[in-house]
Structures are given as structure tokens and as C-alpha cells.
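Below: one protein chain in two forms, given as C-alpha cells, structure 1 then structure 2.
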Structure 1
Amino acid sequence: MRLLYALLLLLVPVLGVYTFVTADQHGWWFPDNVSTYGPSIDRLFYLIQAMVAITFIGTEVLLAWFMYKYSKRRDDRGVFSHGNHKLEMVWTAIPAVLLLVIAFAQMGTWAEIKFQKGFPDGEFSMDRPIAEVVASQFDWRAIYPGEDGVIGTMDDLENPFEFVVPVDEDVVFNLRSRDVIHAFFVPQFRLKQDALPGHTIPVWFNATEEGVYDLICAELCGWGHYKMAGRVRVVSRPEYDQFLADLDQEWFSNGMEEVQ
């Protein structure tokens, strides 16, 4: 029975590894990446996953071995100790080293995505954002600048639930919250940024494929959190320009224009 129990315990790491190996085949893995810095995020994930997998498998194997070895009935008395200082130093030092590896491995990616000096400075920049995305209980609103090119003036254009951007272009936008903490999360972009009340947070990405992508609030924000869904629509530059023109006409329409 001891051997049977040990083998059953070993099924835990076996099934765990099998689940990860076959996850992509069953649609359990990440959605396809469609952003320029997505591969860097994925590499960091795989690095951390490898560390966790090795630790998980090693721990489970040792647990099964100890259960098999020490569950045998014995007649001698147990020996108690106050711990092994060398062993404690080892299992403290190893996680510390792994954390340092993660810290240094992520510095370049973090600086590219989050540091202001890494932000693009093209048509859209921190000084000239494409839009301001505002989160509130429980919706998303994208506010585009009007003809004056400045957000926060009378000619702003507001589009609820949908954030439209041009493909293959560096896009910088400001993220705000009107009430509580929300999180702007687009899995295909590998982009997640909290929206904090009272703060305006610059965010950037470059989407490499046209399409419609789910915009999810990844921070529990109240009773209606489950339905706080939006989308990011990535289109060609001509389609984007036409979208702004149509939005301007719709926003400033008085409902009396002649229908062609």
C-alpha cells in the first residue's frame, strides 16, 4: 500500500506537466500575441514557469519518496531536532537567487513598457496621446481629441465601450478611473495596467494585426465587475481616419442634417 500511495501522489506532477504540455492543443493557453512587446512578456512568463515547474516537480517527487520511505512501521523511537541551519540557509539562498534572476531579467522589458523614457515619440506620444480611456462602474469610454488636438476641450469625441486604434503604429493613451480601481487588460496585447482614481496613467502599445480584441477589467471593481466588457478595434490607417470623421459627424450632429 505504501508504494501505491506514493505512485498516486506522483500522479500530481505527472498530470500537472501533462496539462501544461497539452494546454495549447485544448485551447487552454495564451491567445495569440499581436503586440510588438508581447514576445518579451512571454519570455519572462516562460522563465518564471520553468522555475516554478522544476520546484514543483522536485517537491512532489521528494514528498512521494519521503512518504514511501518513512511510512513503514517502525519500533524505534523518533529522534527530534531543532533544525539544520545549513539546510535552512540553502533553501533561503536558492529562492533569493531566483528572485534576483527574475529581477534582472525583467528590467529591460519593464523599462520599455513602463518607463517614460521608453515611450514612443511619434505621431502619438505622452504629449500628444491618441485618446483618453476612462474606466467607471461598469463601462469603458474612449475620448478622442477634436480638431484642436487637445483632450479636455469642448470638441472632444467620446466613444463608449470601444477603443479604435490604427494597426502597426505606436499608440499612446492616457488611462483614468472615475471612481474605483479598475484594470485595462487586453490579453492579446500582453497589456495590463491598473486605472487608479485621481491619477492619469500613460500607456502605450503597438498592435500588429487588425481585428477586434476583448478589453477586460482585471480588477474586482464592484457588483457589476463581471459585465464590464469593452473591446479594442485595430484597423488600417484609412479606416481609422474614417472612424474619426464619422464619430465627429455623429457627436456634433443636431439630428437635422440632410440624409444623403
Structure 2
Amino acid sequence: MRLLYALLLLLVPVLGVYTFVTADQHGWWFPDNVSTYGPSIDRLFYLIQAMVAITFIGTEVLLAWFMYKYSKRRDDRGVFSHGNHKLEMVWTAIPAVLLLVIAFAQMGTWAEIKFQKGFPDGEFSMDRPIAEVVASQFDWRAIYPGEDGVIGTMDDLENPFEFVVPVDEDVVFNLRSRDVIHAFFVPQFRLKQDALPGHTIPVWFNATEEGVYDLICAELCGWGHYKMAGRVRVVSRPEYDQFLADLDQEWFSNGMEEVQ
């Protein structure tokens, strides 16, 4: 009986580690990364995983072993101990060091992703974002600045549902919401940011592979939250320019016909 319980407790780390190790084969693991800062996020994940795995396996195995060893039927008494000062110091100090390592290891990446003073300053920057991505119940649209390069003017170009960006370039865009809180999430970019009504939030990423990616709304925004899907299309530079030209054509002609 006591063996059964000990094995049961032991099963958790064993199967737990097994699942994590084989998860990749089942597709229960990260979707492929296609952004420049993705790898440093993944590296952090693995660093923490290593530390956590050691503590996890260590503590769980000890627990199972103690439960087995000390539940043997015996007539004598247990160890009469109220603790051990040195031991307390040791097991406070070691995790403290580990935790500090974890804390410091991530600061650089965080600053890179989110600190505005570190934002890219190339063709697209906080002053000249590539577009404004606007969320509303339950859809997405990308608003590109027209000729004048300024968003919020008459020549803005609006593309519903799909956000098109050039590959291998630092892309800065403004995130807005018209109604409730939504969130911009593309798993392959390792990027998530809430869209906050009343605020304009600058966001950046650099996608390294062409393709079409699901844009997922990651913040509960009402009954239609589950279907608030959009798309991010990463294309080559020429394709991107072509896309903008087509969009301009579409809007420009429509607008002029109405005016005349």
C-alpha cells in the first residue's frame, strides 16, 4: 500500500517530465518562432524551465521517498527535531540566488521589447508608425497613412481584417481600440499587447519569415471574443509596396468618384 502511494507521488514528476520532453512530437509545444526577439524569450523560458525542472524533480522525488521510507510500520518514535538553523539558511540562500538570476536574466529582453526609448528608429518609428491597428468588437483593421505619412488624415488607407507588413524589417505600429479591451496576439511572433480604449500604444516586432499568421484576440471582449480572428501577412518588400499601391488605388478611386 505505501509503495503504491509513493509511486503515485513519483508518477507526477516522471510523467510530467515525459510529457514536456515528448510534447514537441505531438505539437503541444511552441509554434515556430518567426520574430527577432522570439529566441531570447524562448531562451528565457528554457532557462527557467531548467531551474524549475531541477527543483520540481528534486522536491517531488524527496516527497515520494519520505512518504515511502517513513511510513513503515515501526514501534519506535520519529526524530525529535524542531528544525535546523543552518539548513534553513542554506535553503533560503540557494533559491534566493537562483531567483535573482532569473530576475536579472530577463530585464534586458523586457527592456528590448517594451521600453519606448529602445524602440527601433528606422523607416518606421514611434513618430512614423507603419500603421495603426484598430480593434473593435469583433474585428481588426489596419489603417495605413497615405501619401503624407501621417495617420488620422483624409488620405488614410484602411485595410480590414488583415495587417500586411514587410519581412525582416523593424515594424512599429500603433495599437488602438474603439470600444472595449482587446489584445493583439500572434503566437509565432511571441508578441502580445492589450489594446486599451482611450490609449494609443506603440508596439514593435520584426518578422523574419514570409507567411500568413493568425492574429488572435487575447483579451475577453464579449460573446464574440472567440471568433475575433485577424491575419498578419508578412511579405517581401516589393510585395508590400505593391500592396500599399493597390490599397491606395482602391481608396483613392472610391473617394474621388463619390466627390465628383
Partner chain sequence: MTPPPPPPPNGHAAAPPIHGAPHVAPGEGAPGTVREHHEDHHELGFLRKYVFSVDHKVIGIQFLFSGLIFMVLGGLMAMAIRWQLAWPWTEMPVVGRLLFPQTGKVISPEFYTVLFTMHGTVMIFFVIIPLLTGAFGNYLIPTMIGAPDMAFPKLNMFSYWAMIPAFVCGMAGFFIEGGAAAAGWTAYPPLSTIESAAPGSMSGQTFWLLALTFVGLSSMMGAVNYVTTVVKMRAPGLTMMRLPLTIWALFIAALLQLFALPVLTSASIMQILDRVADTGFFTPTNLVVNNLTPDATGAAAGGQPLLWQHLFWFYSHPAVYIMVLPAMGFASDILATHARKPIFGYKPMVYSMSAIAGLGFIVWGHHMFTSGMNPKLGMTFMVSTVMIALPSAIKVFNWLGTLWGGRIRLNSPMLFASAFVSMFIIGGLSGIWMAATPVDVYIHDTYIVVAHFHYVVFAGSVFAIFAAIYHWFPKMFGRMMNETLGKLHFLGTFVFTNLVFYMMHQLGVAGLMRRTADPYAYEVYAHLQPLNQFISMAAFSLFIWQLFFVVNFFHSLFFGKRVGRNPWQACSLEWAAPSPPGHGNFDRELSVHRGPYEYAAPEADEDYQPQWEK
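Please read these numbers as outputs of a predicted model, since none were measured by experiment. Rigid core (definition): largest C-alpha set, two forms, superposition within 1.5 Å. Residue positions are counted from 1 along structure 1's sequence.
- Which of the two shown is the form predicted alone: That would be structure 1.
- Query: Core-aligned, does Ala105 move its Cα 2 Å or more between structures 1 and 2?
  - Reply: It does not reach a 2 Å shift.
- Core fit, then Val150 C-alpha moves 2 Å or more between structures 1 and 2: It does not reach a 2 Å shift.
- Message: My question is whether Tyr226 is one of the residues whose C-alpha shifts by 2 Å or more between structures 1 and 2, given a fit on the rigid core.
- Response: Not so; Tyr226 is displaced by less than 2 Å.
- Query: So, with the core fitted, how far does Pro95 move at its Cα between structures 1 and 2, in angstrom?
  - Reply: Once the two forms are fitted on their core, the shift reads 4.8 Å.
- Rigid-core-superposed Cα shift at His82 between structures 1 and 2, Å: Once the two forms are fitted on their core, the shift reads 8.0 Å.
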